[in-house]
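Taken one at a time, structure 1 and structure 2 that follow are two forms of one protein chain, written as structure tokens.
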Structure 1
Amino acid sequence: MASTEDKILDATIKLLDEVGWEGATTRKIAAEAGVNEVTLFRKFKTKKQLLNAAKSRSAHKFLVELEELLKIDDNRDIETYLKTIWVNASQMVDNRTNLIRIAMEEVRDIPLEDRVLPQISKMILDTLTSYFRKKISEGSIRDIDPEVAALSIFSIVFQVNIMWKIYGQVPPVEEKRCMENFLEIFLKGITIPPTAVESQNK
């Protein structure tokens, strides 16, 4: 059976997701957790500390899970690698839209280093960047800017998975088509043109 703390933290995350910071009153959280309101204050002192605890707990879980999902075999072909990253990120966001939505709302009053979104981006960007760096040094792709390549992948994945889901925009393109047709362009952009050597040698 879940401990009182856990019940409270779970209820907090749920309400934070559904109704946001201001909507998540201590009364509602207590009701959702099946716990008396005073218990919140006994355990967490203030509302602020409670919400911080809830957020950092689930942000931590998220980052650990994400790190695991980003461990992908470096040596499969580039298209497979990038597709795997894409699909894993999608799935991650689908399961945890609540945390992402909460993270998107912490525009104010949260110290930069505590914000969740930058931490998530950084982890993905670093992974992709060092992947591209490796592939460049292996000579499997052109000498492109690895940070920028990483960023362009990250951006479109972010846009498709997060912005559309959270802002309820009607996606102009369905996801699979998007992934495939983007990679079609991108891969052509980073591969060493097969005829380049040939025509130089001529």
Structure 2
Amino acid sequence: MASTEDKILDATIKLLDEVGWEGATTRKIAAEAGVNEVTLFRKFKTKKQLLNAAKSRSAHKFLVELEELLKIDDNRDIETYLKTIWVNASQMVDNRTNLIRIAMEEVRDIPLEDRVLPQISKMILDTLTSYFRKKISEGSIRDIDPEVAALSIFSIVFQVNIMWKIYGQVPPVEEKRCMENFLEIFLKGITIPPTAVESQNK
């Protein structure tokens, strides 16, 4: 059975996800948790303390979900694997926009190792780097720098899903078009092979 503290935190996360930081008043949180405000403030001295505790809990929840989403069959073809990473990240952001936005609102006194964004970045980069190392060792791709390759994929996925969606910016390119064209450029490069150039000049 959930403790009173757990009920309050779960109610806070639910409201943060539904109505955001400003809409999650202590009165609404208490009602959602099935307690009164006096009990809420007995467990959490201030609203800031409650929201920070809920933010930490939601951040952990997000990281657990992200870890599960990154468990993709890496024996499928490279393009399908990378598309799956992209689509999974996109769907997660769409489903958890408020929680991710709140989790990324870092407080200055939080130690760097406890901040959410670096943990998200490290998890994705480590997964992609390991994947590219495996493909290099299998001979599926040429001997590239796996960390730089991982950073290239991460950078575009981060831009589309975090910078554009979380911060409400209008993307200059539709997401599906961006994904398909970026991966085509990433996998094939931008230069024309010498043989193709020679054929064009004939």
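Think of the rigid core as the biggest set of C-alphas that the two forms share within 1.5 Å after superposition. Bear in mind the structure is a predicted one, so any value in this text is a computation, not a measurement. Start at 1 and count along the sequence of structure 1; that gives the residue numbers used here.
- Of the two forms shown, structure 1 is the one predicted together with the DNA, while structure 2 is not.
- Rigid-body motion between the two structures puts a hinge in the chain; from the set L151, W21, K43, S56, that hinge position is held by S56.
- After fitting the larger rigid piece on its C-alpha atoms, the remaining smaller piece is found rotated by 32 degrees between the two structures.
- With the core fitted, the CA of E37 sits 4.7 Å away from its counterpart between the two structures.
- On rigid-core superposition between the two structures, the C-alpha of Q49 is found to move 3.4 angstrom.
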